[in-house]
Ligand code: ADP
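Single chain ahead, written as structure tokens, the form predicted on its own.
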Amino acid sequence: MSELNKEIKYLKGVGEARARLFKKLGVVTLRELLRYFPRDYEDRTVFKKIAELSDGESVTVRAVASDSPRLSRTPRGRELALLRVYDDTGMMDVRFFNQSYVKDAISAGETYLFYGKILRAGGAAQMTNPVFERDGGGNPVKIGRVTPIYRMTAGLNMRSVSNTVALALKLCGDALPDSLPRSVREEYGLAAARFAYENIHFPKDFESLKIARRRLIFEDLFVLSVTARRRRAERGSSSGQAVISEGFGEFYSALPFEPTAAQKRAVDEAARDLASGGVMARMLQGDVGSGKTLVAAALAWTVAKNGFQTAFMAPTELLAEQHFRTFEEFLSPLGVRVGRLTGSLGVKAKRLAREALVSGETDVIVGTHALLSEGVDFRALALVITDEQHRFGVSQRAALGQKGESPHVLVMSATPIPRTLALILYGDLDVSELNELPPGRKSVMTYSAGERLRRRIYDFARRLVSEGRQVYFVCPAVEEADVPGTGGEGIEARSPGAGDSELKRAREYAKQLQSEIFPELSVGLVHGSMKAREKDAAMASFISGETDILVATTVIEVGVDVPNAALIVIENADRFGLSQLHQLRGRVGRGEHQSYCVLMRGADGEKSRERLDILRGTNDGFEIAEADLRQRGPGDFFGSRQHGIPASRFIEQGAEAGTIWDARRAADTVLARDPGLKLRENRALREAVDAIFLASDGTFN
């Protein structure tokens, strides 16, 4: 067994108990530990005198303890240790919460290094829960360097994680994973694997960190690109059922409106795939409201005309119900028989639906995960369509495909992805884009606002409801908070879980709106912790108009159409990525009424205003996605995929378009020279690609 595949519980100082804590972080083996990259870094190299300190900055201060820390308790029962320190320019107060050990760790008259965030209250500088160590005059241990910050779980602290990583690096330094062929490293000037891993975890300086990040980002993008292109080559050699189209004039003529040019183009692109004799593997990427369902219906129609069946899978019952009605509206007048199969159907209805599929009485079946159930069989399944494909795991999509003889595959997504990134993420798929909205659709008027306008926004919401409209209020998901003093090496603190915080916020806000702001209206609530049926019931109440105002978390980001909803207010909008805000904005503007989106700023800085101004300036999802990629990196896009690909967190945080293009070019060069990855220098690359296929059940999308 490779050293990298050994479990970390065998490392000195880890053991079974601590290994269980690491497992909560997704770390079991040494390989996973070394790939558990820091989420951030602290620059503890900046030293300042007390008189030079500015409010809000994080710096290191060399100061003398004027006395020993004094212990007391706060009114809420928290333990508090107070300390005053000084240098030759002034005094500073230091506070430690729930760290009583500092009473014996700090002695009066001794000099210490304190690193932390400065708060100035009434002119006096303060630090809370700083990292500290005695100033020994030599090289500091915890301060005076660029320090990694890892995501934590209860029972672990920064010191224990860092020490474990250091031990793993020492043990596996010569066996570190390196999927880059030497020729690629030399051509693109990339660091060796050992340098990259050592300086990601323990950077000598910020320049070394930059070099290490570039190497690891490039490597992950390169491996993903090679994997996608090999998968595409495999699909190209597969044979599928030829579905011949004689044109779509009859289908278009039966519609009550004229399709857009983008819709017709997407239909033609997919139709060529269906008729090619190969297996179609196409992604239909369209902005909110761009009409993806019409494209899917057109393809289902031509499949039915050829005597075959289509399965359409949606992530929720409400969405499945919505698509079922749309398919019936488009296809029933043309003689295409549409059925549905969802978990909430009665036993008899499910049996009849299954029987109709086997007999061929149903041409198109619209359903949820129920389509994957044992006993759901088809007479002649030729096309599988999944809506909001990122909401399904690869194994689920593959399971539906296995119910037919190499059926054609269409995956639909309402999340526009920048073209540069799509080449990596979906390099094994052909991509069709719907980049225009149907005629007559009104753009959503978008505004950003601070707290001083809140009362006016509530009044505006009340006015719209009085006119018969409905309103969304969206609360952000809250990531695990950084615990004050997580740099304090002796603390084992726990942050509240994101789900708990999100749920609490949404519930409290709904209660406040109902009791204090809109007592005369009906306020509903939907959040991710609700059971599927509860969510569906809450949404159904809003759709029917029984609920005037719906407080929601991002569970409504991609959801059912509510044409009567004319206003969405997004709280703490600066916490979201631009693409996610655009998705949320797409919940309104789906009917005949003018609709509005108000982005409430949690932070009122210039940077926050500039970001939100991008949303105010355009309704083009692809333009917004490109801006999101430039500003935040591709984390949102990688985070939405559930394919088991071990993309590094640094891809999510910092991949630039130039690096993406370079990685793709390098993949093309390597595969042109060695399509089967059989050369010796490509052995590690082939192992990495095989590992991805293994992790994703032999599929990629």
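Think of the rigid core as the biggest set of C-alphas that the two forms share within 1.5 Å after superposition. Just so it is clear, the structure is predicted and the values come from calculations on it, not from any experiment. Counting begins at 1, following the sequence as shown.
Separately, the form predicted in complex with ligand ADP exists; it is not shown, and the next lines address it.
Think of it this way: in the predicted complex, ligand ADP has a heavy atom of just one of 524, 291, 177, 339 within 4.5 Å, and the residue is 291. Taking a 4.5 Å heavy atom cutoff to ligand ADP in the predicted complex, the contact residue among 514, 160, 260, 446 is 260. Interface membership of residue 561, defined by any non-hydrogen atom within 4.5 Å of ligand ADP in the predicted complex, is confirmed.
Taking non-hydrogen atoms only, residue 201 never approaches ligand ADP to within 4.5 angstroms in the predicted complex.
At least one heavy atom of residue 441 is located within 4.5 Å of ligand ADP in the predicted complex.
Proximity of residue 590 to ligand ADP in the predicted complex falls within the 4.5 Å heavy atom cutoff.
Residues within 4.5 angstroms of ligand ADP in the predicted complex, judged by any non-hydrogen atom, belong to 280-288 and to none of the other stretches in 190-198, 614-622, 146-154, 280-288. Taking 2 Å as the criterion, residue 258 counts as shifted between the shown form and the other one: its C-alpha moves by at least this amount when the rigid core is aligned. Positional change of residue 312 between the shown form and the other one reaches 2 Å or more at the C-alpha, relative to the superposed core. Put the two forms on the same core and the Cα of residue 448 is off by less than 2 Å between the shown form and the other one.
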